[in-house]
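Following this are structure 1 and structure 2, which are two forms of one protein chain, each written alone as structure tokens.
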Structure 1
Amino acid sequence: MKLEVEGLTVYFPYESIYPEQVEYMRELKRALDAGGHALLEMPTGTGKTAALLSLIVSYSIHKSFKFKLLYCTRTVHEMEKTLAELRLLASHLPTPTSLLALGLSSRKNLCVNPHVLSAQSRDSVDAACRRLTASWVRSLAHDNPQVPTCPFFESYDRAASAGPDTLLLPPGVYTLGDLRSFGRSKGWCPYFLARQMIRYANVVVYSYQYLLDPKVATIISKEMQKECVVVFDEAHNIDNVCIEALSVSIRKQTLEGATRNLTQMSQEIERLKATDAGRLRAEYNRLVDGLAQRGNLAITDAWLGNPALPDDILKEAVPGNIRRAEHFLSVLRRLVQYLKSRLLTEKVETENPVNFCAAINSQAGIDQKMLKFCYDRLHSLMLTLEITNTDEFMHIQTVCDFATLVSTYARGFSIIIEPYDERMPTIPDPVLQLSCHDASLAIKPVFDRFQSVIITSGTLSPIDLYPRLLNFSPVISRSFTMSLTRDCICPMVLTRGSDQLPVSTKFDMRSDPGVVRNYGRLLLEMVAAVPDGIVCFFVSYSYMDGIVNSWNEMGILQDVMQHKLVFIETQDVVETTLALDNYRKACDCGRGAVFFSVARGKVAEGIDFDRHYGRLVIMFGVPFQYTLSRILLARLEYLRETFQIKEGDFLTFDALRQAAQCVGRVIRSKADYGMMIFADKRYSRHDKRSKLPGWILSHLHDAHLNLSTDMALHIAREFLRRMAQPYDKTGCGSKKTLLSEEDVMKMSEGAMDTY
């Protein structure tokens, strides 16, 4: 359908539209018109992504494609979903539009060369690709046809060299799979094709890190012009992503590996001195000229960029005492030695970067400026040495990342050295962590560079916290409510088990067999009553492992399996993915299944359990962070000092947004329905509960705040029966929940009249 939003014709890929979506589009359009940032919270299950995409694409058509949409998702599978929605939208656009949209991912997901793909991890795929496509390898191959190259890249390069503006990809929507099959049919490398095409694409969908992590962003996203609209979808966790992007940790293995790398490099330098001294000299001259980076690198030589943000990188010549390769290596050796000595500590140490740099200067004789240039100098050296197996040089790179970061930022970071893990004090496992506390650091360049940044999610409550955490001022900041045709969500707080004893995952209660049994009974009752899929979230992997094992021993698990199949999220991603796939199959075929998952885990982050894939979510416990973690403590301290946010408030906020996120996965549209059980007595307290997003709170009746297992079961039965009845989709009278094209038209006319 087509609708008018304040004078803009919006193409919407469905026949009807929710009123919230119209509202959402209106706000979004205002933000785009104002050219500012926006913060929008809309409940899950109201077609946020569809509304967002159709408005921005229509807006962009209106402006005749003057700007690009950069759509950032957290995960690759969300990227696929977004592209699928985009494809649906593209089929509803007026015919002469030439929309080009594509997803971008790493080589591992895009490569079609079977030799490269046989590598296991991402890094080895990258290295294998570089081994075939690095510029020096290709020039070697030019002279000597025995040297293997990648046929896909070669033919892509031939096609691309025909001219910079040759449109290699016809307009359309390309998922990763489409890019692969396109590349395979043409014989072109899909990865470099995609890298090339993001310059011309109207919509680019990629992962958060491609914008937020300076290591990647400087390479991939540096060419994006100011007029881009950047969308961060499911952005409730964006502060954590920002923080992680600037954090480095160094362990014993890292330093050992770095030592190995240094030895290897020095051997390489000796060899080069003997055979091709000119190359080293050329590098030296370049460094004298102040070019840390070697000008225009071939696209295949580009490596991970500088870990510091582009604005903070010095634009100076490399200091003289690390220009010569062997001098630089000795500096690195000293640095590694110093870090090793720091790791030998017996007690936990916390330091700020300024002190740390001073200590390095006094004990290892490396000043701050040298540290700052570590990364660029290493990069240059590795290019000179023509190192292709970059995966093996990860360790020294980590050390250089650390050095550069620690010397660049004086605020918002802290260095924590722990000799052992808090939970296993007997096993020595020293680690030195540089952790970032300030989420606004990483995202600042994005806000500065791009005209409009939209941050949206189903759970952004309290909505005033995010601008403070990320340090920006949105022009629009709104939280939408959900108009429901019927009460299709049923949140409940379960505080007691069937024996009326309280249940909780509080530290002193969680291993109590009574609590474990009560949780088990709850699951067992629900499994027998609820059809199709049930999802359970636990507070951590270790807790889940423990409780599932005790259920197995108590025989509860066997009883559960009489009703439904059981799947478990594990640390192994492959296994979890297969388990999820099988879970869906089990729900599809009617056998029904239970999925055990972990809040803050990978599944909770981005997998939907909509429709019959999840009729009930049980959140066992409150997913607080591990409060004894030094990093968390340091961060809390920083937050209190800088933003005056209380520790307790932040922890509760963080736990409740995770819980809400887990629970919100069950509902996808208004026709869908699902129940949510918060199984912990702490949820009944007002300070915890009130942090839940409004759309859940509005359905949380007072009567459902303090339930025991049998009461919850009764409510669940009643709810399921009610939901099974036929209903009128469009809602009745003034409270319309589904609008057709005429309705929207009438609405906008009515709005005109009032003006």
Structure 2
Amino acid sequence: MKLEVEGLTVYFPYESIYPEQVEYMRELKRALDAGGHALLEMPTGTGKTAALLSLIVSYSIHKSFKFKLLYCTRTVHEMEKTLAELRLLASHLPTPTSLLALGLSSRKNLCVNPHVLSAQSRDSVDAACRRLTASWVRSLAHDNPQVPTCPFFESYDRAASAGPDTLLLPPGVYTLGDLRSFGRSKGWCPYFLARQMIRYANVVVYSYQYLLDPKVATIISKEMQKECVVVFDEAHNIDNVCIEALSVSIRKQTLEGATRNLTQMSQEIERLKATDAGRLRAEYNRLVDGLAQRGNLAITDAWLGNPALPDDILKEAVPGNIRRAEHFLSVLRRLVQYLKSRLLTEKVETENPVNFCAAINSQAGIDQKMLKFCYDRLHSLMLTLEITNTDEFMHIQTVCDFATLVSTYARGFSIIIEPYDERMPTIPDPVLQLSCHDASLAIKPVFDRFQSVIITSGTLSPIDLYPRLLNFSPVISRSFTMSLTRDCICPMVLTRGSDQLPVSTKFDMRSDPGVVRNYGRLLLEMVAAVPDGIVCFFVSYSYMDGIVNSWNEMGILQDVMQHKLVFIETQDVVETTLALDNYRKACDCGRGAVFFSVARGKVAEGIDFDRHYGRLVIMFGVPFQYTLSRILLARLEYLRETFQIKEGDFLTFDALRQAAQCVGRVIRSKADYGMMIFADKRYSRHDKRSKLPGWILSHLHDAHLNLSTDMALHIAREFLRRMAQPYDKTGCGSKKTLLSEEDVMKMSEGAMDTY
């Protein structure tokens, strides 16, 4: 259908549209018109992706494709879903429109060379690719045909050398699978083809890291112009992604690996001195001339970029005392030795970067400027030594990343050295962490560089906290409600068991046998009454293991399995994928199943339990972070001092967004229905409950606020009976929830009161 949104013709790929999608498009258009940033919370299952893509692509057509859309997702699965939605939209655009949209992912997901793909991990695939495509490997192969190269890259390179016009993808929407198929048919490398094509594409869908992690962003996204609209979808955890991008952990194994790397590099330097001293001399002369890197590197030689943000990288010559390769390795050896000595501590130590750099200077004789150039100097040396097995050199890379970051940033970071994990004090596991506390650092270049950045998700409540955490001023900040013809969401707050004992996962109550028994009775009552799939979320893996073990000893688990099969998420990805697959089979064949999962786990973030796969989700407890974590305590102190965000406010906000993310898995469309039970007495407190998204709160009636197990069971039965009745999907009169083109026209004229 075609609709008008504030004077803009929007092409929408479906016959009808939800009222909230129209509202969402309006706010989005206002943000684009203002050339500013937006923060939009849209309930799950209301077609957020379709509305986003339709409005921005239509706006782009209206502006004659003067800007590009960079759509960032968290997972490959979400990327594929977005590209599928985009393909449907492309088929509804006016005929002369030539839209080019593609997804970009790692070599592991795009490579078609069977020898490279046989490697296990992503780093191994990257290294296997470099062994065949590095510029020096290819020049050797030119003289000696016996040297193995990648036929796909060679044919891509031949096509590219004939001029950029010969290497164009025809207009269309390309998923990762399409790129692989196109690459195979042409004999071209899909990964480097995608890297080449993102500069010409109208829409690029890729991972958050390609914009937020400086190591990747400087290589992949450096050519993106200001005239880009950036969308971060499912961005409720964006502050954590920003923090992880600038944090580094160093363990004993890292330093041992780094020592091995230095020995290898030292041997390679000695070999070069004997066979090809000119190469080392050329590097030295280049560094004397003030060039940290060799001009324009071949696309295959660019490894990871500098870990510091672009504006913070020193634009000057490498210091004289680390220009010679052997001198630089000597500095790195002293640095590794110093870090090893710091890991021998028997008590927890916390330091700021300034003091840490001063200690390195006084005890290892390495000044701050040398530390700043560690990354650039290492990268230059690895190119000079022609090292291709980069996966084996990740340890020394990590040490140099740490050195560059610790010497570049004085504020917003802490160095925390822990001799063991507090939860397992008997096992020595020393770790030195450079922890970033300020999420605004990594995202600031994105806000500064691009004209509009849209942050959107189903769970952004309380929405006013994100501008403070990310330190930006949105021109539009709005939370939308869900228009429904029937109350298909039934949230409940359960505060006590049938015996009236309160239930909670508070630390002093969680191991109480009464609480464990009441949680078990709640599950048992629900599996007997609710059909198909039930999903249970626990606050941590250790708590889930403990309570499931207790239920087994009490005989509750056996009783549950009389009604439904039980599947459990583990920390092993393959095991969890298999468990999910079997869970779905059990729901499909009518046996019914229960899935035990963990808040903040893989399942809570990316798996949908729509339709009969999730008729009820139970959130056992409030998923607070581990509050004794030194890193968390340091971050809370920083937030309080810098942004005036109280510790309690942040912890509650973080726990409630995770809880909302968990229960939101159960509703994925308006035709769906499901119940949500928040099983903890703390949810009955207004300060906790009020931080849930508006679309959940609007269905949380006062009568559902302080329930015992038997009351919740009664409400569940009533709700399921109500959902079994036929209903009108489109709604009627002023409560229409599915609008036609004509309805939208009336609505825009103000003739229809939607809400």
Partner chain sequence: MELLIELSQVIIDRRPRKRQRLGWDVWPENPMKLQDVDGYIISDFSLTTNRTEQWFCVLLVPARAPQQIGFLYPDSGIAIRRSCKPFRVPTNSTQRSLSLIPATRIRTIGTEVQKLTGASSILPPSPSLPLRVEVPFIYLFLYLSSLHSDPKQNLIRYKLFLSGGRLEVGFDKNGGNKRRYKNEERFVFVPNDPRSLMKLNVEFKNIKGHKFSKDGSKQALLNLTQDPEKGTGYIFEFDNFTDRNSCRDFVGRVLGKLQSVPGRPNEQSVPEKSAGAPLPEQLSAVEMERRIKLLREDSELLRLHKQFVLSGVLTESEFWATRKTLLGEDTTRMTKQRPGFKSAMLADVRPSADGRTNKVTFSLTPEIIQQIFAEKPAVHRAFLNLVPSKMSEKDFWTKYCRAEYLNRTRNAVVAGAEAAEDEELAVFLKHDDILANEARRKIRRVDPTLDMEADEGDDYIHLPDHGILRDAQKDTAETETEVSRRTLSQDLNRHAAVVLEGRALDVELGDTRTVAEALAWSKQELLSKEKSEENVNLEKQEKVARMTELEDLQAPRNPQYASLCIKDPREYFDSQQANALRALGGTEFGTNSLDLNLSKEEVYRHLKEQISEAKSRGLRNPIIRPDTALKVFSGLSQHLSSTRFQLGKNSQESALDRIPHRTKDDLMHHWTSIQELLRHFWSSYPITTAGLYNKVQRVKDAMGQIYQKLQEIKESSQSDFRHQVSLLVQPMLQALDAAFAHYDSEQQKRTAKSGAKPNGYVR
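Residues are numbered by position in structure 1's sequence, first residue being 1. In this text the structure is predicted, and so the values were computed from the model without any measurement. We call the rigid core whatever largest set of C-alpha positions still superposes within 1.5 Å between the two forms.
- As for origin, structure 2 is the form predicted on its own and structure 1 is not.
- Remark: with the core as the superposition reference, the CA shift of residue 567 between the two structures reaches 2 Å or more.
- If you fit the rigid core between the two structures, you'll see the Cα of residue 555 move by 2 angstroms or more.
- Put the two forms on the same core and the Cα of residue 251 is off by less than 2 Å between the two structures.
- Taking the core as reference, the Cα of residue 589 moves 4.2 angstrom between the two structures.
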